[in-house]
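First comes one chain, alone, set out as structure tokens in the form predicted on its own.
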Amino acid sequence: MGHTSARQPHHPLWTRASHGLNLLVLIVMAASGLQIYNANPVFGGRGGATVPELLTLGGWLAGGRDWHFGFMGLYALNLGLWLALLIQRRRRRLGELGDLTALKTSASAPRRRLSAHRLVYTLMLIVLAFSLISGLAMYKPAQFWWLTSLFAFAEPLGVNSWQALRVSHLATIPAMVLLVVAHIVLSWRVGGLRLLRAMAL
């Protein structure tokens, strides 16, 4: 692991600042989203199970919406920046000779860990993009009716498209928590404390 970590470059200042901004925005969006959820739980209707107030932001429905939609523009701008970087810099790594192949065939354990680290980070961006798309469909269902209609796949199971949309949007929170944990663990295994510090300090 020492040999692998020695090869890790120190992240530029703008990258480290963006990591901190990403974390702040994600915390605000998740906490305010859970506040909105508490007003009308996805499961069980208005009398359904809610999340502890400690995990919410806004104090009430209107407050949660203010925080959520207030940060949505920053969330979308930041996500767009990272998706642009992904397309520009990582598309070859995901190709035939890139991370997917290395994860399957490489005999080097450090190489496989590095590939898994990059793929998890890419998957994080995909989940965040899905969260934004599903959030827009909930925010403006009349204007983005075609987005809402994509969730009609659940209707044969007796679940209407709006409920499927709400469940899918809520599911991005635990999905991101798991991916962030995986990202931190893999960062540690790839570059140890040096890489974790280089990402934020």
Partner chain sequence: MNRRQLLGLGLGGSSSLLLGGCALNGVSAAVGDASQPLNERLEALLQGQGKVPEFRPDQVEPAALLVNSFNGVPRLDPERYRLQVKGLVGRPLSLDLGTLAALPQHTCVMRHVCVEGWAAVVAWSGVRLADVLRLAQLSPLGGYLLIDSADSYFESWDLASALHPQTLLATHMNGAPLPAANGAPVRLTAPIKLGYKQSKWVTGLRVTAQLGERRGTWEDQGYEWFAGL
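Everything numeric in this text was worked out from a predicted model, so none of it was measured. Residue numbers count along the first chain shown, from 1.
The form predicted in complex with its partner chain is left out here; the points below concern that form.
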- Heavy atom within 4.5 Å of its partner chain in the predicted complex: which of L132, M176, A31, A164? A31
- Task: Could you confirm whether T172 comes within 4.5 Å of its partner chain in the predicted complex, counting heavy atoms only?
- Result: no
- its partner chain contact at A142 in the predicted complex, heavy atom, 4.5 Å: yes
- Query: Applying a 4.5 Å heavy atom distance criterion, does W60 contact its partner chain in the predicted complex?
  - Reply: yes
- Task: Indicate whether its partner chain has at least one heavy atom within 4.5 Å of a heavy atom of T148 in the predicted complex.
- Result: yes
- Task: Please determine, with the chain shown alone, which of 67 to 75, 106 to 114, 80 to 88, 119 to 127 has non-hydrogen atoms within 4.5 Å of its partner chain in the predicted complex.
- Result: 67 to 75
- Task: Within 4.5 Å of its partner chain in the predicted complex, which residues of 23 to 50 have a heavy atom? Give them in sequence order, or say none.
- Result: L23, L24, I27, V28, A31, I36, A39, N40, R46
